[in-house]
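Two versions of one and the same chain are coming, encoded as C-alpha cells; call them structure 1 and structure 2.
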Structure 1
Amino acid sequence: MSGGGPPRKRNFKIEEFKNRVELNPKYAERTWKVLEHAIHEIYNHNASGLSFEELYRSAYNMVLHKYGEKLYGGLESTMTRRLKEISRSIEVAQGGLFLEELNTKWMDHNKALQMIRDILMYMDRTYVPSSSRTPVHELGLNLWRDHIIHSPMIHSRLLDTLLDLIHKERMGEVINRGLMRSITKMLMDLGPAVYQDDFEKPFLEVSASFYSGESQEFIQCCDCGNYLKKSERRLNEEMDRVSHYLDAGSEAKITSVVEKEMIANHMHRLVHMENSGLVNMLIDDKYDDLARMYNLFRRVTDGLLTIRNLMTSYLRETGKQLVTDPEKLKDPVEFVQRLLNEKDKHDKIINVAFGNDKTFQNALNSSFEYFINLNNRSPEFISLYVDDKLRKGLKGATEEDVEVILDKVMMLFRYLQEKDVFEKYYKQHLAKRLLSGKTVSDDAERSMIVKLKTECGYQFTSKLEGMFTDMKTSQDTMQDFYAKKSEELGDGPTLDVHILTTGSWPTQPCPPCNLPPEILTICDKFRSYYLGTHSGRRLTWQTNMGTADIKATFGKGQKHELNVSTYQMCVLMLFNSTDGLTYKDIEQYTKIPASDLKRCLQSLACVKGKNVLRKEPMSKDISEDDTFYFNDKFTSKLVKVKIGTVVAQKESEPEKQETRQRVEEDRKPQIEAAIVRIMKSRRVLDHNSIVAEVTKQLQARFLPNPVVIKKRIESLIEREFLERDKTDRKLYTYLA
C-alpha cells in the first residue's frame, strides 16, 4: 500500500475463483507420460535416476484433479504390457533356467511393485477405495498371476517342472531347494487359492500315484519290518520337504497321502504277512519293528484297531492251546509259570513298543481272562503254584522278589472267574503247609493273604487268617502244657498239638484210628489238660493230618530219624512187637481206612531209598494178601529220612469231582442270598433283570449259571419268599 492519508478500513475478502481452473487435459496427458516412463524405468532397473518427490507429486495432482481413473487405467495397462513381455522372456528360457528366470523376474516385479505403490500411494488411499478398485499392490499380484502364472505357455510348464523336481528328489537326486522355496512362496503370496489349485492339488495327486506305485513294489519284495522302515523313511522325507520348501499347511495333507497309500491301503496285508507280520514280531520280541508299526499305524483310521484285533486273536489262540494241551497240564507249577512268562513277555512288548497304550493293555487282559477260564482247573493250578513257591521256590529270595512274584500271581488271580474254587484249594494247600511246618517264610504267607484281602475283601480271607491264629495259639498252648505238666509226663514221647478251629480249616471227617498205647497216653493227658481250661469244647483227633518223628535202629545198628505221617507211625510202631505182619493184621490193629492204608504202606515199602519195610511179594502195588517185614537192611545216606505223604498235589479225578461238587453246593446259598437281597430292595423285578443283577453281585467270586439261578428262584417260590406276578408271568414279587 502506498503512503498518503491515514489507512482506509476495508474488508479484505478472499473470493473464489470465478472461473473454474481446469487442469489442462494436455497437462494430464503429459503428467501421465511422465509416470509411465517412470514405470518403465523402474522395470528396467533404472529407478535411481528418478525423483520420488516429483513422481509422487505428479500422481497426486492427477488424482486431485480428478484424473484418478486415467492414472489407474494407465497403470493397469502399462503393467499388463510389461508383464506380457516378461512372460515371453520366461517362456523362452530353456530347461533348468526356466524356474530361475521366473524367480528372478518375480523378485524384480515385487521390487518394482513396491516402488510403484509408493509413488501412487495417494491414489491408493483416496481414489482406489472410493471407486472400489483393487489396491495397487494387490493389482500387481493379480496381474502377475493372470499374465505369467496363468499364461498358457507357462502354467503347465511351471507345474510340470516343480513336480518333476520333486520326483527327482524323491528318487534320490539333490535339487535346488532354495529356488523351490521361492517359487512356492510366490504362489502362496499370490493367494492360497493359487497355491492350492496351481500346485498343491496336482502335487498331492501325483504323490498319491507315486506312493501307490512304490508301495505296490515294496510290498511284493519286502518283509513287513523292512516295508515299515521304508514307509517311515518316506514319511519323514515328506515332512522334511514341507519344512524346507513347501507351505506348512501342506504337511498334514501330504502326510495323510503317504499314510493312506503306504499304510492304510496295505494294513491287512502287512499285519498278516507270513513269517514277518505282527504275529512273528510278537513271538520274536521285535521291539523296534513293533514300535515302528505302532507309530505308523497310529496315524491311520483303524490302524491300531487292526493291530489290536490281530494281537487279541493270536493271544487267545496261543492261550487256548497252552491251557488245553494235556501235555502242558501235567505239571501245574510249570503250567502257571508258562502263563506268567507269556504275561511278562507281552507286558514288556506293550510297555516298550506300544507306549503302555491302555487299550492294548485291556486287550491283553481280556484275552488272558478268556483263555484262563477255558480250563476249569486253572484255580487249582494257580494255588499249587503259590504253594510251591511258598514251600520252597522262594527260599533265599529277598523281600522284594517275593512281592514281585506274588503280585504277578495276583494278576493271574484277577483273571479267574471262579475265585471261590481258588479259595477252596488255597485253604487246603495252606493247611498242609502250616501243619507240616513247610513254609519258607511266614512273612511271605502273610503278604499273600493281605493281597487276597485287598482284592476280595475281608470275608475271603477271614478263615485263612483264622488258620494262622490257630497255629499261634497252639504254640502258646503247648508251651503252657509242658510248663504245667512236665513232671507228669516224664520220659514219654513229645507231643506237639495243633488245635484247629472247625470251620476255618478244610478238615474232612476222619474216622478214628488206633494209636499206639504210648501215644494214646499222652494224648489223653493233653485232652484232659485242654478241656480243663476250655470246658464246653469238643476235641477230635485228626489222625489223617498229623506227622511223627520216630527214632529207628536198623540191622547193623544204624540209627535214623524217620519223619512220617501219623498213619505211618501207627503202622511202624506195630513192628516193635513183631517182625512180620500181614496186610489184614495191620488193617485190623490200626483201623486205618483201606485207601489211606494202601497209600501209607506203599510209601513205606515200595519207594526206593525210603523202604523201611519190606514187602512180600515185591510188587509195586499193595494187595490185601501182602505181608510186611521190618527192613533190617534199610540204608540211607541221610540221618533224618522223610517219608511223609502230606505234600499238596494236583488232585485225582474223583477228588476233583468231589471238590467241585462241594463248590457247587456252597454256591447255592450264595445265589439265594443274592436273590433275596435284590428282591428285598426292588420288590418287583422281571426274570432277566434278576439274573443280570445276581451275576453282577457275585462276579467277584464266580460266574453263576443262569439255569442254577432259575432253579434257586423256583426254590424260593416254593418256600414262599417270592411269587410270580399273576398277570405278567415273567415278573416276580418279594413276599415280606
Structure 2
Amino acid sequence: MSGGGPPRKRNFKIEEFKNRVELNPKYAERTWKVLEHAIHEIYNHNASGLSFEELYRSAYNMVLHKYGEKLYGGLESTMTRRLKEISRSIEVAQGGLFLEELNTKWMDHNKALQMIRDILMYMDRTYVPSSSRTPVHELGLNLWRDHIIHSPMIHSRLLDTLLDLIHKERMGEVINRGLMRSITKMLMDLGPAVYQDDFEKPFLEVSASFYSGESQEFIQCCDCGNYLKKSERRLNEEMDRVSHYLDAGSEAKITSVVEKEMIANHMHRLVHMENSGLVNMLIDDKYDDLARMYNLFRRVTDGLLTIRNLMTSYLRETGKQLVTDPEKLKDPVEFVQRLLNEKDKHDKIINVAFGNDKTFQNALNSSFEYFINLNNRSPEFISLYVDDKLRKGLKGATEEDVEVILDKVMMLFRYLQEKDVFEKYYKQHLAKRLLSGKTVSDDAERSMIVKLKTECGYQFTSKLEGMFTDMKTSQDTMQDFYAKKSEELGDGPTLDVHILTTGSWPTQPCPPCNLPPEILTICDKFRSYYLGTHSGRRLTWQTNMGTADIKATFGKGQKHELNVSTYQMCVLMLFNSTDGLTYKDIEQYTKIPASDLKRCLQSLACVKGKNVLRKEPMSKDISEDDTFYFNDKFTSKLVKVKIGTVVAQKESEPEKQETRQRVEEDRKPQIEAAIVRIMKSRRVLDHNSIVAEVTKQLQARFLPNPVVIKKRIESLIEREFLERDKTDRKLYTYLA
C-alpha cells in the first residue's frame, strides 16, 4: 500500500469511430421507393408478399438518419394520389351500389392504414411529435375526409342517399341497416364535427320538416287517442333508429325534434280535442290513452302543467255542479257516495295512468277541498253518511272493509274547512245510534273516533269518548238498581235508563211530556234511587230521545210487540181507555210539542204496514181537525213491529239555522283563547297579524271569519285583556 493521501483521478476520453460511416446519398430515395411500393401493394391487397420487419427497419433508418420529413411527405402525397383514384371509383358507382362501394373502399382504407401505421410506428413515435405533425392514422382519416367525403361529387350525393334511405324507412320500407351503421360510424370515426356538420344537422332539419307535415296530417284526421299512439310510435321508431345505426348522441336531438313537432306544437289542441281530448279520457276512464298522454307530455316544457290545469278546472267545474245540484242534494248518503266514487275514480287514474304523480294528487286534493266547501251542508252530509254506514251499511262487512270505508270518509273529512260543524252533527248522530242501540259495531264506532282523534287531537273527541263512558256507566247503574229494587218493582213495566252527562251529549232542553201513570211510577222510583246514591246531582228526563216496547192486542186476538218512541208510547197508551181521540185531545193529554206530535201521529196512522191507528179523514198530512182511532184491523206477518218516526233525514231550515248558531257561539271562546295565546307571547301586535295568526292556529278546526275575529278583539278590549295603542289604532297591546 502506498502512503496516505486521496486516490488519483483518471481522465476518460471519448474517441471518434476508427471507421467513419458514410451514408450513400441515394439511400433515402431508394429506401422511400421500397416503402412507396409497399404502400401501393397494401392498397392493392398484395400485402402477403411483404416483409414487414424489413419495411419497419427501412422506415426506422430513414427517421434515424434525419429523413423523417421526406418519409412523411412521401406518405402524404402517395396516400392523396391513391385516395383520388378511390374517389373516382366511388363516384362512378350507380344507385344502391354507391354506399356499398364507399363502405368497401372505407374498410380497405382502414386496413391499409393499420398496416402503414405499423410500418411507420417509429416515425409516429419520434418524428411526428417533435415536428408537430399529424399522426399517421389521423392523417389517413383527414385525407379520406378531404378527398372522399368532401369531394364535390360525393358529398351531397352521400347526404341525399342517407336521408332518402331514412325517409324510405319512415314510410315503411326495409333498408340495409348494417350498411347505414357502417357509413354513420365512418362519419363519426372521421370526427364528431364531420358527423354533425355533414349529416346530423341536415338530418334534424329534414326530420323537423317531415314531422311538422305529418303532425298536421294526423291532427286533421285522428282523434286524440290515435294521434298520441302515432306520436308514440314515431318516437319509438326514432329511438330504435338511433340504437341501430346512428350515433347515441343523436337520440336526445332527434327525440327533441319529434317532441316539438308532434307534441309541444299541438298539445293545447290535443287536450281540448272535441269528443276525445283529456276531459273525455277522464270521463271514460281511458287509462292507456291517459298514460300515453302523460308520458308524452312530460317530455315537453309545460306539458304536464297543461294536463294538470285542465284536469283541475274540469274537476272543479264538475264538483261544483255535483255539490250545488238540488236534485243530488236530496239524499245525503247518495251525495257523499258520489263524492267518494269521484275520488276513487280519479285516484285510480292518477295511480294507474299518471304514475302516482304527487303534483296531480295535490291538484286532485285542492279541487275536492274547493268544491266540497262550496256547500255548507257538506259536514252534515258526511256525518249522515257515516251514520248510515254505522247503523246498517256495514252489516256483514269484514274488519278490513270497515277500515277502508272509514278511511275514505276521513279523506273527505280532511277537505272540510268547518270541521267543528262536522263534530256537532257527528255528536248528534252518534248519540242517536248509541241510545237506540242501532250501531252495527262498537269496534267500528271506536275506530272512527280514534281516526278523528289522530286527525284533530284529543279535544275534538273527548266528548265523543265521554258518551261511550256514559253508556257503560248506565249499564252498571241499571244492574245495581234492579238488584236493589227488584222486590219493590214487582211485575210492572221494565225501565232502562241511560244517564247522560250534560255537556258530553247534544241534549237540548225539551218541555216534559205527560208520561202514562204506569211509567211515571217506575220513573219516580228510579229518580229517588239515583239521587239517593249520587248526591248533588239533578236528573232531567229527555222524553224526546227514548224508546219503548209495547205489547198490543188487535182484532181476532192477534198480538204484536210494537217498538216505538217514548212520544208514540204516550199516544198509544191513551187508547187503552178510549177508541177515538181528536188531535187536540191527544195534544192536551200528552203535552208533546206540536211538531213532534204531528210526526209521531203520521208514523202511527199514515205509514202502510205500520198503521196501528186509523185517521179520519184519510190523508198523508196531519191537521188539527183530524180524529184518530185504534186500528182493530191492523195485521202484520211479524210479531215484533218497529214503528219508526217520520223524520227528515236532513235538518230542516230552522234546525239548520239553530245548529249554525250553536256552532258560531262555540267558536267565540276558541277565537278568544287563540287571540290571548298569541298576544301573551307577542305582547304587541297589529290587527292584520293577529287575524293571520288566529286563522293559522284554528284552521285545523274551522276557518274563522275576520269580522268575527275583530268582534272578539273588541270584546277582549272591553274586558281589559287587550288595549289599543294610543297613537296607532291598529296596534294592540296585551295587558298582563
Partner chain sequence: MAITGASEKVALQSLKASDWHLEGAFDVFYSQPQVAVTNFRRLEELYNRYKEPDAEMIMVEGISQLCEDLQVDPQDIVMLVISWHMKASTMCEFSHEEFIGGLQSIGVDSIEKLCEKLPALRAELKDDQKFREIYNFAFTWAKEKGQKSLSLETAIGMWQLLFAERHWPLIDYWCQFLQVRHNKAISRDTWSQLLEFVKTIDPQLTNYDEEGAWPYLIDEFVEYLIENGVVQHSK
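Take the two forms, find the largest set of C-alpha atoms that superpose within 1.5 Å, and that set is the rigid core. Quick caveat: nothing in here was measured; it's all calculated off a predicted structure. One-based numbering along structure 1's sequence throughout.
**Student:** Determine, for this pair of isolated chain forms, which one is the form predicted in complex with the partner chain.
**Tutor:** Note: form predicted in complex with the partner chain is structure 1; the other is not.
**Student:** Taking the rigid core as the reference frame, tell me whether Ile499 has a CA displacement of 2 angstroms or more between structure 1 and structure 2.
**Tutor:** Ile499: C-alpha displaced by less than 2 Å between structure 1 and structure 2.
**Student:** Does the C-alpha of Leu102 move 2 Å or more between structure 1 and structure 2 once the rigid core is lined up?
**Tutor:** Comparing the forms between structure 1 and structure 2, which are aligned on their rigid core, Leu102 does not shift its C-alpha by 2 Å or more.
**Student:** Any CA movement of 2 Å or more for Lys615 between structure 1 and structure 2, core superposed?
**Tutor:** Yes.
**Student:** After fitting the core, how far does the CA of Lys598 move between structure 1 and structure 2, in Å?
**Tutor:** Between its two positions, the C-alpha of Lys598 lies 2.9 Å apart after core fitting.
**Student:** Could you state, for a rigid core superposition, the Cα shift of Gly555 between structure 1 and structure 2 in Å?
**Tutor:** Its C-alpha shift, to one decimal, is 4.0 Å.
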